[in-house]
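This document starts with one chain, in the form predicted alone, laid out as structure tokens.
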């Protein structure tokens, strides 16, 4: 079946979409589903991502007729299509023909058919089969005007990796390429310790045991994720050869930072992201949006989130309050995206994930959230011009890198201070009423006035140390720590100094690093004596009172009264060495002081507000631009913001000024007038 040549125009972004699995349903249901999508305001549908068997029922025998029918029906109804490649769910005939395609766990047990992502991304037979189905799809649909985007695979991630012979051989090649000789590897990893030194690369094992060399484990995690990046890039190369209608190519990712998102997206056109946050941690999706929008100039797509709750065979969440779905759906647009898509449109009637929330129940009846989804669609439509013509503006940067994520996974310094603590440094900063770009180690620093780098165990990523030093000396304000700059690129300590660059840059003298999981030590303000709610770790500095912001009390006489937070001038800039974990309120006060020093306006927000300045490109010869401000209350409680100028409410057309109030889960889209 060939594509329909008389086409209706597809809708433009922003898209409100949903994952749709027409292979689950009789064809007689498709028209009903599409009619209900139109009724609720859905403008995009993700399809195809798990339907390999129906597309290729036997090796080399393709059936795309049913898929053309679905694409045509959706497009003719004014619903854009995002097409997924189905490589996450290989058909049983592939493993019947080639049993070695299955991934192998640390206990040498091959995966069984019936889940997803159960094949090894490095296996040549799986790769070849994947390449063939992707090429067949690309040839069939590459110029289809109803398809506005492509999604490669589904939520690809290494986790613990695959332990098959192919992966082990490729891992050893990875180490050869990086270290050159086995002697160089032995030296870098200090393998004289525990008599671990190897005589050749072929002796190096995969780290199957919990107690293993942390450098080996770090490189294993890096290798596993790089293998998946290579697999995704293979598909992207194929799609780019055949997709001729300008539809961007991406892959839907998850809120785990072991994958190097910059490298992953190098060959992709668009960042795609899935999350399932709840009201108590809704702010964490903002952290991720502030991160992912920086990897591509094209606005990102939030390809999955729930309308209400998520669940597989059981429900892991609860009903959400009024307004939460609307805020959860609008935040991607507010923070730099152009799409929000629900998983799932209609709950599966049998098989996996029968308990997941949706727009329609398996029976086809609207879920209780149907009306709020309709309200969200109206909000998307009313704010579309402003969203499409402006971008997020930020003067604050926050470091978050894949290398450090994996390093924390292999050698967390202090129990309770793992990767999940890093966003805790972001929230009080964002709650100061400023926008934050969460960045990796390679982002340009020149556009920022304040940089926050917590728990950056290593700064050795490219030329980052030199760039930070230059940026600070030229006037930047840098909050760094705790547990930062304490490891080299492979996770080893510095033999003759405590830090990689901090002492050299600041001239400050570090004395001790002290763990405290029992609450024996407290940090107090050097100015007021107020306790700062500190915990877990304390860097102790020998510092003069003029540069001391906080001192420790208790623990041991050798540290009592000594500095744990200090401030040093460096050139025209400032470095604040934060040697401990602070309470939310204490950290927010520290961030507010740093914002003031950096010359960044703040303090207009009351309550739990995401404050999002936006500005567009010049739209006239005299340089006029569209600009404004989006305010989103994310915690379900009253909030307020004091405007410094009159602005227009984009939704109502009214002019507002002064102190504006928002109810729980309130949204204000304001344009400069």
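Bear in mind the structure is a predicted one, so any value in this text is a computation, not a measurement. Residue numbers count along the first chain shown, from 1.
Just so you know, the form predicted together with a further copy of the same chain exists too; it's not on screen, but the next bit is about it.
- None of the heavy atoms of residue 76 is located within 4.5 Å of a further copy of the same chain in the predicted complex.
- At a distance threshold of 4.5 angstroms between non-hydrogen atoms, residue 572 is out of contact with a further copy of the same chain in the predicted complex.
- At a distance threshold of 4.5 angstroms between non-hydrogen atoms, residue 315 is in contact with a further copy of the same chain in the predicted complex.
- Using a 4.5 Å cutoff between non-hydrogen atoms, residue 115 counts as a contact of a further copy of the same chain in the predicted complex.
- Residues within 4.5 angstroms of a further copy of the same chain in the predicted complex, judged by any non-hydrogen atom, belong to 496 to 504 and to none of the other stretches in 134 to 142, 331 to 339, 496 to 504, 236 to 244.
- In terms of contact with a further copy of the same chain in the predicted complex, the residue from 515, 603, 533, 599 that brings a heavy atom within 4.5 Å is 515.
- Contact annotation: of the candidates 473, 382, 368, 391, the single residue with a non-hydrogen atom within 4.5 angstroms of a further copy of the same chain in the predicted complex is 368.
- Residues of 538 to 566 lying near a further copy of the same chain in the predicted complex, listed in sequence order, are 555, 556, 557, 558, 559, the criterion being any heavy atom within 4.5 Å.
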